[in-house]
Structure formats: C-alpha cells, structure tokens
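Shown here is one chain on its own, the form predicted on its own, set out as structure tokens.
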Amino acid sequence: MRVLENSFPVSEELWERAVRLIPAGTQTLSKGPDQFVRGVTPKYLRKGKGAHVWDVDGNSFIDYPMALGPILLGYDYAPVTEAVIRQVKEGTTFTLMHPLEVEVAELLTSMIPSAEMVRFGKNGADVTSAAVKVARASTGRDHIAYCGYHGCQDWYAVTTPRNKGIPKVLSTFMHQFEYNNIGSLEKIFAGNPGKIACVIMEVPGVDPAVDKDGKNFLQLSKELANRNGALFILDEIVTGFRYSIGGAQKYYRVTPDLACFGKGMANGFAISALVGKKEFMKELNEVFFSMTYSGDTIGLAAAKATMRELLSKPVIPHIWEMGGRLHKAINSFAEKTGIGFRITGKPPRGGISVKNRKGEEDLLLKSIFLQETVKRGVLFGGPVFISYSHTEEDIEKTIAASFEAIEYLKVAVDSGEPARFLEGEPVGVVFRQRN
C-alpha cells in the first residue's frame, strides 16, 4: 500500500505564519496539530470531495473525523452545494425574516419526536446554552446536573481545565453525574432538593444500560428529572441525524423536554437548532436568545437540502452498514493480533481506543496507529464518523491500511520500546470530560 512521504512544506509555512497571528494557532482545539502526529500529518486541508480530502501540498486522504462530525453526506455533496449556491445568489441575510426559517422548522418538527417548536443558532454551544436558559426560566432554579461535553459557554466551560476568565462562582451551580449510573444522578437530586433546573446529557458511543423493568438509562434519567421538577435536555449535537432520522432520542425511545441539534444537520454549513415542547420553548418569548446570523439563509438552505436527502435516500442505513463493516473487520483483526486496539462506539459514530498491556489508554500507541494509517492515505483522528459518501472501496482501503498499521503497532509493542517507532510527536489531550 502507498506510504506517504513525511513532507508538508506548504502546511509548515502556513503554520509558522499562523502561530504569529492566531492565539493557539487554530480556531478549533480539536483540529490543532497536537491532535494529530506532528511531522507525519499535514496541518492544513484545502478541499474535500465525497469522503476524501486534499491537503495544501496535494496529498489525498480518506477522511474519518469528517470535520468533527458535520459532514454527514460528504464533502461537496451536489444537492447541498447547489442549494447553497442558489441561495447565495438570492441573498445570505436580510433586514427581515426569510421563509426558510419556517420551512426548516417545519421539517425538523416532522422528523424529531421532541420538536414542537424550533429556534436556530450557529454552533452547538449556542443552543445548549439556550436550553439551559429555558430550563432555568421555566423552573425558577439555577443548578444544573450534567453529563458529557456541552460547548465553550461559561455555564459549562467553568467545569473544564480551560476555565480561565470565567467567574468561579458558576461552578457552584454545576453537578456532574456518571453515564449509565442512575444512582449518581439520584444523589445530586437528593443533595440539592428543589434546586436542579435541568438534567443535560449527551449520548456517548455506549448504549444506555437497561434496568430489570426494561427501561434504559435515558428514560430513567428523564423520569427522575421530571419527578423532581427539572427538565430533561438531550444534547444531540453529535448523535442527531446519525443514529436515526429522529436522532438518538428516536433510536433509544425517549422524548426529552428539550433537545439540541447541530453538526450533521446541514452537512458542514453552520447552523444549530434548539427544539422542544411548546410549554418550555415558549419561554424564548422572553429569554434573551437573539443573534444577527441565527437566521442566516445559507445554513438554512443547506439544512433544508440535507433534510430532504435524509428523507429520500438511504443515508442512515448506509452509514450504519459501512461503519459496522469497518468496526467489525478492524476490531477482529486487532483481537487476533493480540493488540489492545478497538474502534469503539456505534457504527455511524465511533472513536479509537488503544490500550497498553496494563489496560490503560495509551496516547503513544494510538499515535503510532495514526502515524501508520495517515502514511497510507487514511486520515483518522479522535472521532470516527461515516458519511453517506464513504464507499465500499473506501472502507476496504481503510481496513487494509489499518491492518498494516496494527501489524506495525504490534512490532512496536513487542519491542518494549514503542517510542522508537514514532516518527513525529505524539497526540495530546483535549480537555473534554468523558463519563
């Protein structure tokens, strides 16, 4: 299989310019060079088509982070691209409202179980923050029970190591619980009677546990929240339109009071949505949630085109089938090889886990795998997303590259000195908290 030369002169020159002008050098932490193997991976991509991307030095790769999840259908997916081009010619933002606001809201309410009303934002953090405001307004309470990652806004970011510049008092309102541990959530309610405004959580790549009565963790969490006078908010920024057309809530049979969508809903164009029950969404008549670009017609046109593709094409079955094939083949090979490697999660949305012989997550070993796959034209990162444009040929090439990378990883592990096999700098850690 083709092995790429480790030379990216244009990428390196751009990076040298960037670090002089851009704090941290990047706009998005998870896209920064420290999330990939430096010296072996390009730093800048110039274009994408289908499931493939090209860097600024002309090298091509099969892409799996897929821009951290927004690319659901594929790069430059014709129906979406054409809809956006048409809309650009008509106008991108106006003095008054645009019909697309109504049309896309109608589409979402027809697809998502919890969606009775809709408001739009641009980023996931916009709508998770709006959801928390709505919950606080509706309940008259201030405290939040949370699980997972919910964006860069102060209310959540205060809980992370990147909380510089945020009043520490905000942390007193935040209470973290553990996924699939209903007891940890019960403890929060017991310790804060009458104070919890909402339970907000995302669904990781692990199925919710089911109790003896057949109720899953999401259903139990909603019941517990509502029983204690709190709203249940499902953060579907990542899972929305991947697990099913109606999101993880439809897949797992739970109807949240509020839900947050983004990423895949417009195939890479900037838009997010807060949806929910009318009785709670009507709080937005008074809750301050208003932005110049929340009615931007480009994101709305892209969302409308994307939703139509989801409704008319076998997008969801395809990403489940291709993802399942990828996971099964690579995980089976790794198990036979005796390496602690696994693609975790669900077929449409996974992650890479590499453990050492002590059973600990090992970033050095993960870096060796990432190094060997990117050299073979496969760009992995943290998340593993499948798009509608990933073909059987793409999957087979990825499997072949991964087999070779795992064999190389085994040699590195067996040597007792795996660091000698890494040609660049190992990947770092993004602060995101995992439960």
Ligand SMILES: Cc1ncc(COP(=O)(O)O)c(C=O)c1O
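We number the residues from 1 along the sequence you see. Nothing here was measured: the structure is a model prediction, and the numbers come from that model.
There is another form of this protein, the form predicted together with the ligand, and it is not shown here; the text below is about that form.
In the predicted bound form, no residue of the candidate spot (242, 323 and 346) has a heavy atom lying within 4.5 Å of the ligand. Although the partner is absent here, residue 268 lies well away from the ligand in the predicted bound form, with no heavy atom inside 4.5 Å. Using a 4.5 angstroms threshold between heavy atoms, residue 151 counts as touching the ligand in the predicted bound form.
Mapping the unseen interface onto this chain, residue 125 counts among the residues with a heavy atom inside 4.5 Å of the ligand in the predicted bound form. At the 4.5 Å threshold, heavy atoms of residue 235 reach the ligand in the predicted bound form. Looking at 354 to 362, 287 to 295, 157 to 165, 116 to 124, the stretch with residues near the ligand in the predicted bound form, meaning non-hydrogen atoms within 4.5 angstroms, turns out to be 116 to 124. Comment: the ligand is not present in this chain, but in the predicted bound form one of 202, 101, 283, 309 has a heavy atom within 4.5 Å of it, namely 202. With contact defined as any non-hydrogen atom lying within 4.5 angstroms of the ligand in the predicted bound form, 263 is the only contacting residue in 259 to 274.
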